[in-house]
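This document opens with one chain alone, in structure tokens, the form predicted alone.
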């Protein structure tokens, strides 16, 4: 099926949700976008000097998940800043993890690709960097504790030989797992059409899992997530457009689409422009403060005092 920003998006779907829900989605998206802008600036300034896996461009899906399945145990992939932030973990902990500080979510030892958080009802397990290893681990956890589980992986990870059996195992044992493929159409630099001729949605269906293939429109993601959360195990393939390279802050060119600005336009059409603008301004200021130079220097000064 061809990639499209409108793939299986119902016309006028945003109007079927309350203004409160639409604005909550927007706030979550803004939190990811403006936090990561601070990270991008820090990377370009040389303050963060190792590989960082940014979520900018794909924040809409995570925002949708956070509104309806935020109590699931989460086994996210290496690119999980969006899940960490939208599910309610403190942005300061992610900032400090990226800076290698003990106050980070993995005590500054894991960096961007291994985010974990186990407080306030959130259970996010860190990724180890081995492609798609979180999928069988998540299925094993669901088998062991029977808790609702979210397993997120990319379209490149879908080709690893233990992903498909994990779907089959979950189907056989009727495990409460929602599998999500964040389909950017690239495995680092190679397009899906070059790598394989099969469709992940059809693979999931072949195991008997209910499955959908949709664009990253947040209202569409929210609708299908709510529906499939009552039919677990289930699978969602979400077409996303990541804003930066596989790792780092490089940009190849114009994105196929920019969901962030598309959602802003939709909010204007819904008559929510003023409220959306206030949310964006407030979140932007908050994230600027989190990344402010005077704030960043304090932990470093404390470390120097302890030497």
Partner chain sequence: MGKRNLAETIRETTRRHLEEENGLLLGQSVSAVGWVNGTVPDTRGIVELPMTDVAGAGFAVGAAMVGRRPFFVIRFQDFLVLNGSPLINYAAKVKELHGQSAPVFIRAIAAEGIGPVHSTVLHGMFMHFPGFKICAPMSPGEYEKIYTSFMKDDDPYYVSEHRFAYQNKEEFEDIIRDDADITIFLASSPRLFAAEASKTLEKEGTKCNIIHLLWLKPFTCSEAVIRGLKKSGKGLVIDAGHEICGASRSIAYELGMASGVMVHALGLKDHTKCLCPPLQNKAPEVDEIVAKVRNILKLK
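Residue numbers count along the first chain shown, from 1. Given the structure is predicted, the values throughout are model-derived calculations rather than measurements.
We do not show the form predicted together with the partner chain, though everything after this point is about it.
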Among the candidates 114, 203, 93, 101, the residue which, in the predicted complex, approaches the partner chain to within 4.5 Å (heavy atoms): 114
The single option of 185, 148, 106, 199 touching the partner chain in the predicted complex, heavy atom within 4.5 Å: 106
Check all three, 75, 127 and 144, heavy atom within 4.5 Å of the partner chain in the predicted complex: yes
Contact test in the predicted complex: residue 169 vs the partner chain, heavy atoms, 4.5 Å: yes
Heavy atom of residue 133 within 4.5 Å of the partner chain in the predicted complex: yes
Heavy atom of residue 226 within 4.5 Å of the partner chain in the predicted complex: no
Exercise: residue 195 in contact with the partner chain in the predicted complex, heavy atom 4.5 Å: no
Which of 158-166, 230-238, 85-93, 187-195 lines the interface with the partner chain in the predicted complex (heavy atom within 4.5 Å): 158-166
